[in-house]
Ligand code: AMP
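One chain comes next, on its own, written out as structure tokens in the form predicted on its own.
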């Protein structure tokens, strides 16, 4: 197949890497890709979606996979479908599950899907009045897309009111925060569960845990994610069953009733409170860094999973998962997440240890190529991914690979998967 992958991060690299390792040969294209994706296929740079759809038709693209949320919310899937192309991802209307936290919370409420008590408002006084009825901590969320950073957990009513006022005034997140959600804080443990959907049917992938904060022990500011592991032992069959019955099925049925059937990846942010799954949020694409460990854990060909998802054939697919664990450790640039850093050359030592060679790999994200050299140019630069028969074995291998990768100012967390290894 000729396959086009939209995006430039570690998520898109990992999808391409998994497809490149399949027995059947595929021709891969990335738009725009990064400095390392051209080792897997061909990078192209076509800015406008209508032009990109025409290019895809002319180049006989059999399947387009959309990685990031922004093009989905902008309606790239609708444009590709109007051009008769097979594309994996939700429509513009269905993407509002991530594009608008207000829309998402109202869908949860309307279809009786368990979520935290909340108010959605554009009015400062209403927000403050609701905050006065609550007990800290209190969660304040910007409505629109904020690159995974539009959620503030406040420790007092005063702090919550200040966060709400800053968002509504456009100071914190610009237009993305001029409508907000204020909700109760849920005390439990957080999971990422991904359902591949075709509007009617779905397949659930192993649950993962992400590590959002920059520092060890979950300290410091939120990031796009500093590492992840899967499957997590914090999920049992009972929780999976509750998520399917109480969350996935009513969401798919509800979105059909809304006239926006959900096709693509439903990323379910779950907080488990006393054994009960409560929904924090939906995203409409794979998490990053969760994608980097889930793709290699699939025994079912990734291209087949996405193709059947895009052509409403998931009921004909039997998902097979490898009997191993994966751990991904993000290497970030010196000033992440506070600001940009100077480009730094990436040096990877020659790896002679058979164990590391056979059970690890690098997924590249914020990198650019200059000649035959690769440079760290983004906030999250790359991920060292390890696999093993236990979480500890996978983690140890991932960190062993980290020791082989060097660039000026590299920054990592040293405790990825600590929740599972307590």
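Residue numbers count along the first chain shown, from 1. Keep in mind the model is a prediction, meaning the values are calculated, not measured.
The same protein also exists as the form predicted in complex with this ligand; that form is not shown, yet it is the one meant from here on.
Listed residues 92, 308, 161, 212 were compared with this ligand in the predicted complex; 212 is the one with a heavy atom within 4.5 Å. Proximity to this ligand in the predicted complex, defined as a heavy atom within 4.5 Å, singles out one entry of 314, 239, 344, 186, which is 186. At a distance threshold of 4.5 angstroms between non-hydrogen atoms, residue 190 is in contact with this ligand in the predicted complex.
Although the partner is absent here, residue 168 sits far enough away that none of its heavy atoms falls within 4.5 Å of this ligand in the predicted complex. In the predicted complex, this ligand sits within 4.5 Å of a heavy atom of residue 151. Contact between residue 281 and this ligand in the predicted complex is found at the 4.5 Å heavy atom cutoff. Contact check for 101, 139 and 271: all three have a heavy atom within 4.5 Å of this ligand in the predicted complex. Picking from 239-247, 293-301, 176-184, 321-329 the stretch near this ligand in the predicted complex, with a 4.5 Å limit on heavy atoms, gives 176-184. In the predicted complex, 116 is the single residue of 104-124 with at least one heavy atom within 4.5 Å of this ligand.
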